[in-house]
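Take a look at this single chain in structure tokens; it is the form predicted alone.
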């Protein structure tokens, strides 16, 4: 009897704890789940009217205040209130999985999950589950729409007209953001207080009429720093058969709300058949800026590898017939009389690549159709199997294989995806027959059919179709003008890279003067959190002479080298013209630097100011360091404690010259070599707009004898 009474008392205590101890204002009943180390907590509750709410705490301090959840639907009552909790389950999960390629070899996926099962109190008794996952580096949640009972095949389709996911902030945080453009992520990042986003986003909308910008919204990832120094980044994971999410800003209420990319052609945001799950809504949380880069939350919220062995793809450095078009030295089309994609030119790039430990060649403008690719009627313009007469595709592939250089195919669709889909099979069959394993795709222009947008559900499904079709032919995709990266590379590792950022080419022709010196100190903490970026570093002819007189690259030469480490991609381009490399001493870093990593560490960082990252090459004992700064010169330190204890390394330091400056003297540089070990601390002298790149390679006995040790700190 006493045992029975004990359990009765304990049961009432637990009911009291769940119902009262978790309460915050306006909540009727609450549930919580904490991360494995208990540093992050997600709470859920229903208001008295049955409205779903959630909140997030870090170290027991509120970081996301009580925020609403729900949907508005076409032809149906909204799923916003009138709900009740019918069940709640909490589970734990932990695994370590291996990346076939990536920033590191092994990834820990460790979380606690809470699934709250909701049902309407009245009416159709529709059911909605909300899955919450608490990690030590952030949180994710998604909605699950369940099939309607007793409806048979009827009414099993849902059309979403609005997703009401709210993120209510706890302060006027410092933010790094780009406008909520439905067609492009290629914008410079703004650094403002949250309350200042509204006015600036309206200005962007007015000045960029060629794009489709949702008024008063930002694209994700949008990253923030609180007054206390906590770092937050808002994004989504596993974007599948759904519209991309922008975030509508309420500057006075200090909150954001999901604003899905729509379709003027269909008139809806998302159409799905029950049952289905939405993408994850994510918040990465870090006490330091570098914690955001080291987080693998976005990857972990995607499903495991569905392709199995993908060893047919090899991470690589590549050169290409590309930069010369942006410099107007050559053109994509043959009619212009200065066609770049010729057999002769391709072979010259292959010879250079083979000589310099570069194993890939991209050729743009090889196929017919470029004369009309920007016209109004772009359907059917491109042929993805027919080369121009001055480009012998088979001979270039043969010559490349002979030299150990693999051709990377290029498919520019001119934003006519239906034309591309019709040719996927013959185009990929040609690639497979030639042994070509990777393709760079492009979607320049307004999407056809008219009324669809790059980031809407229709295009999300197109990008996925291209990816899964390519996988059937053992082909990897490097997508430009893409849908945002949301970690799908875990599920489909042939999604090797994508653009989705304002890249190097803007420096060649942008009327605003190109990317500012702080641009690359922001994107690792914003766009880079989604996945690999094909940024195309490696310009040595910084002033772009003699091709441009009003544009230049707004970095030093040393910073161009450091970007190979700072901005991650398994395909890294040495983008400059081969005549600008020649026998340049700094080219040695590009020869040496890795592209596939066993581990990566952020040594020091402040978003928009500077970042220092080190990476260990997979399968070797080589480490590489990249450190970059904004428009301000800096003196940083890098402790090499990550090196193997008891082993000595040759540190080849490629740094800014004493008089280097991103504008006044960008090509001034120095190369120094020292013997170092894990007790060494190196001074990083970064010029304005500059950087430092270091290779750390195990030293031979002869090198230890002949190269002096790095000076010890006094």
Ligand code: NOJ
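As the structure is a computational prediction, the values presented were derived from the model and not from experiment. Positions refer to the first chain, counted from 1.
From this point on, the text means the form predicted together with 1-deoxynojirimycin (NOJ), which you will not see here.
- The stretch in contact with 1-deoxynojirimycin (NOJ) in the model of the complex, judged by heavy atoms within 4.5 Å, is 440-448, chosen from 73-81, 114-122, 440-448, 603-611.
- Although the partner is absent from the chain shown here, none of 147, 241 and 272 has a heavy atom within 4.5 Å of 1-deoxynojirimycin (NOJ) in the model of the complex.
- Think of it this way: in the model of the complex, 1-deoxynojirimycin (NOJ) has a heavy atom of just one of 412, 236, 518, 103 within 4.5 Å, and the residue is 412.
- A single residue from the set 492, 373, 458, 268 has any heavy atom within 4.5 angstroms of 1-deoxynojirimycin (NOJ) in the model of the complex; that residue is 373.
- In the model of the complex, 1-deoxynojirimycin (NOJ) lies farther than 4.5 Å from every heavy atom of residue 618.
- Contact check for residue 480: a heavy atom falls within 4.5 Å of 1-deoxynojirimycin (NOJ) in the model of the complex.
- When 1-deoxynojirimycin (NOJ) is considered in the model of the complex, residue 196 lies well away from it, no heavy atom lying within 4.5 Å.
- Of the heavy atoms in residue 326, some are within 4.5 Å of 1-deoxynojirimycin (NOJ) in the model of the complex.
- Counting a residue when any of its non-hydrogen atoms is within 4.5 Å of 1-deoxynojirimycin (NOJ) in the model of the complex, the hits in 495-524 run 499, 505.
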